[in-house]
Each structure stands twice: as structure tokens, then as C-alpha cells.
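In C-alpha cells, the next block holds one chain alone, the form predicted alone.
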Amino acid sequence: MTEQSLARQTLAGILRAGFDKATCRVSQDELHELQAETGEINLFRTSFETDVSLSGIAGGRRASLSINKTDEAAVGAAINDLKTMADGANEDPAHDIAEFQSPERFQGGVGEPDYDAMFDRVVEFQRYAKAQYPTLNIRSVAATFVRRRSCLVNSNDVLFETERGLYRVALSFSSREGTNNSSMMYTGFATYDLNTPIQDATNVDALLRQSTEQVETRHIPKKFKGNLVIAPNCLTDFTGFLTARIGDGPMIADTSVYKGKLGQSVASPLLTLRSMPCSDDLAGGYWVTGDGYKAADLTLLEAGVLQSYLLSLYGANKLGMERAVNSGGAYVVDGGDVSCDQLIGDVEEGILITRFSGGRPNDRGDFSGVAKNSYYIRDGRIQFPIKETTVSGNMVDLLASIDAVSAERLNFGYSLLPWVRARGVTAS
């Protein structure tokens, strides 16, 4: 049974169960995984995963669930469970489904995996890392080809079919010299081809080198308030405060500091942030939103001015506002006009942070977390790798205090991001 035939059959079953409106999405993932751990290839497998997502609205009561079985009995049981859940839900007139749009099929990426390229790149990377960085320990390196076919239908005659194939590369590593160890580092990217060696993609080689440097770390000289230079690897840990709080939950709960700020300056004029799931530059984008609309690219911040919220159909109905044209993600930050060297060169005292670990900021944006795999900067120069150091401040203030954005950007497949520099962050 094809994704479309199963989706249509399931949709009909949901409506027969007594729902007024319904949506069904059927997705089939085909995964080809090649993985090496501690220098040895230990996994090569192909697997198939199916996901059937059902949602229905009856009398203003909505329910949704997902299953990973497609036989008639499993689907029938899921529909019964869906009806039971809806009967017990609260009525809310904001629940709805996407209106009719012309049926469309989207297709992109790679059709078939190149096993030779997957194997060659993994082996090449391991040899490179061993020869170039003898103290480095590659815990794992994985190259996975993923092809997803999906079909979404709803009772307003929406029909969207999508198919995308891409490679995902994931790495974890640390270094050891004598009794000293560096902190574990993780990175990865998505791509439509494996033409580039893994060590030459994004900033992989720089992170490998940094790991070998970080076997010997030092405490910062003293507590200080200074600059935070944020590497692309963890930039969304900071911009994520804004994108999370312009979505349904905080906006509906009236806890978002950005509510009522549309068209106003909420961040540095150097910061332009976009959500671009349809961009040809990002292998990991999408064409259809979770609530059943054809997606479009969206500017969230233009020179620091808030241009759009990230409200779903439900959030828009609940608040009487405009629905966002996509579901967020696929974030792109426009590059600036300074080099990374210049960006660091103007720092009197600060931290170059490449991994951030910390609790969630509160509703006002106050945060405190740990800078890992990071460096102390003094008088415009990187001085030494630091022991895990607490950095704290306020996310709203941090985004407003950005005073430099690098021209260089890194494409991780799911995002395209520069280095940025912010003022007034406390390190201790």
C-alpha cells in the first residue's frame, strides 16, 4: 500500500468514527547507516520506519496520536483510541484544519545511497584524524542516508506528497594526553552529497584541533563581565530563546516577552534571522508544515525588528493573529561585514563559546549555564582553553547587545549561521 492510499484509507476511517474534521500523515523512512566507533566500523544496516499520524476534531474537541504499524487492526485500534481521547478532551473553537490548497508533490535531494562514498568518507576521516591528531579519540562517526516519503491528507481535500533523500553525518570525540582529558564534543551536518571530506565540512577540522588543545584547561583569572563570542555550533542555543517564545505556548499563556512587539526592535540591528525550510541551500528543510500548509520561507527578524510570530493555525485562531507561513526551524542568520579574526580582535576580555550547557532561561530571559570546549580571550587574542565556566546574563539583553556578526557562515544543512559577538555577559 502506498503512503497516499494508506493515508486516504485512514482518513476515511477517522471520519466514519464520528469526527467532523480529520488529518492523516503517513511517512516512510528508509535509513542506510554506516557507523564506526573507536576506530572500527561496527554497524552497517538498512532499516525502514513507518509513522502514521492521526488527528481529528469532533464538536470542537481535538485528539491526535501516532503509531508505527500499518495493518488494518492496528489502524482501527488507533482510530478507536483517537475517538476516546477526543471524547475526553476540552472543547475549544480554535481547533481547525488547513483549508483546501491545490494538491502538490515535492521532491528533492538524492534518490539512492552511494555506499562506496559513505564507506570511503568514514574510513578517510578516521585515517585523517589519527594521522593529524594522535591524541584525539573519535568516539563515533556515522554516515547515514535517509530517504523520507510522506503524504498528508485532510478532510478539506488537502493532498501533499513529499520525498527527500539526504546524508546525515554525526561525530563525537574527545582527546586524551597522559592523565588529561578534554570534554566530549559533538557536531554534525546534513548534505545532499558526500563530495567533500568530512574533516573539510563546516568547521569539523577546527573542532578536532581545538579538542586536542583542550586536554589542558585553565580557570579564567577572575570573574568578569565582558564579551561572549558565540560560535555557529551553539548560536541557536541563544537565538532559540526568541524563536521558542514567539510560538504557540508562551504566546497563548501570555508569558512571552515578545508578545505585542511585532514591528518593534527587539534585538540588535545587526541581527537578521530567517526560517528558510524551502531554501535550496539547506538540505534539511521541509515543504509542508505540521498543520497541513504548503511552507514558505519567512523572515523573523529584519535588522533586529520582529517581523513575524511563529504561530500555528491553532495559535493564530486562539489569539486572533496571523498564522506563520512555516513551522520554524531551518534557521539562517545573515552574515555581517567583519571577519572572525576581526570579531575576536576587538575583544578586551571575553569567552569564545563553542558548546553551551545549561538550564532553560526563565520567562524574562535570565540564564545561567556552562561554557564547554571554550576559550578565554584577552586583549584581542585567544589565550587558552578554559575549564568549564559559568556564563550568565539575560537572553533579551544579549540579543540586543550583539555588536558584531562575522561574514563567514557555516552551513550545517539544517541551519546557516555566522559567529556573533555580544556584550555584557558575566563569566565566573
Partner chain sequence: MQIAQIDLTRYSNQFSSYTELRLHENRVQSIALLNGDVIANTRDTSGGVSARVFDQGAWGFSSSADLANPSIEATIKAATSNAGFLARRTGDPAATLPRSAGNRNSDFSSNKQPLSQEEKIAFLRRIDQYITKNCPDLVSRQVSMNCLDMEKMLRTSEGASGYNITTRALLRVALTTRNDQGEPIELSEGFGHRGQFEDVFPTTDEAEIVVDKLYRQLLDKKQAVKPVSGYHDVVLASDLAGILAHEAIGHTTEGDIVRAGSIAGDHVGQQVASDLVTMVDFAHTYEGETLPVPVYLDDEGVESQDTVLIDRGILQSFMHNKDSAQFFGAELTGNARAFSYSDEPLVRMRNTAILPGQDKFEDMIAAIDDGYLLMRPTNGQADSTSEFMFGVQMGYEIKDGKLGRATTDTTISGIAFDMLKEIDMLSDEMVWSCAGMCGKKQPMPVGMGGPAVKTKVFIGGE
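Please read these numbers as outputs of a predicted model, since none were measured by experiment. Residue numbers count along the first chain shown, from 1.
Below, we turn to the form predicted in complex with its partner chain, even though it does not appear here.
Asks: Using a 4.5 Å heavy atom cut-off, which residue among P269, G345, G263, G88 comes into contact with its partner chain in the model of the complex?
Replies: For this set of options, the contacting one is G88.
Asks: Ok, F106, Y192, Y314, Y133: which has a heavy atom sitting within 4.5 Å of its partner chain in the model of the complex?
Replies: Spelling it out, the residue with a heavy atom inside the cut-off is Y314.
Asks: Decide whether G393 counts as a contact residue for its partner chain in the model of the complex under a heavy atom distance cut-off of 4.5 Å.
Replies: It does: once its partner chain is placed as it appears in the model of the complex, G393 has a heavy atom within 4.5 Å of it.
Asks: Given that the partner is absent here, does D254 sit within 4.5 Å of its partner chain in the model of the complex, heavy atoms only?
Replies: Within the cut-off, so yes.
Asks: Does the 4.5 Å heavy atom contact test between R121 and its partner chain in the model of the complex come out positive?
Replies: Heavy-atom contact with its partner chain at 4.5 Å: absent for R121.
Asks: Although the partner isn't part of this model, could you tell me whether Q35 comes within 4.5 Å of its partner chain in the model of the complex, counting any heavy atom of the residue?
Replies: Residue-level check for Q35: yes, a contact with its partner chain.
Asks: Could you tell me which stretch in 152-160, 295-303, 320-328, 134-142 has residues with non-hydrogen atoms within 4.5 Å of its partner chain in the model of the complex?
Replies: Residues of 134-142 come within 4.5 Å of the partner.
Asks: Which residues in 214-230 have a heavy atom within 4.5 Å of its partner chain in the model of the complex?
Replies: Heavy-atom contacts to its partner chain in the model of the complex: K223, K225.
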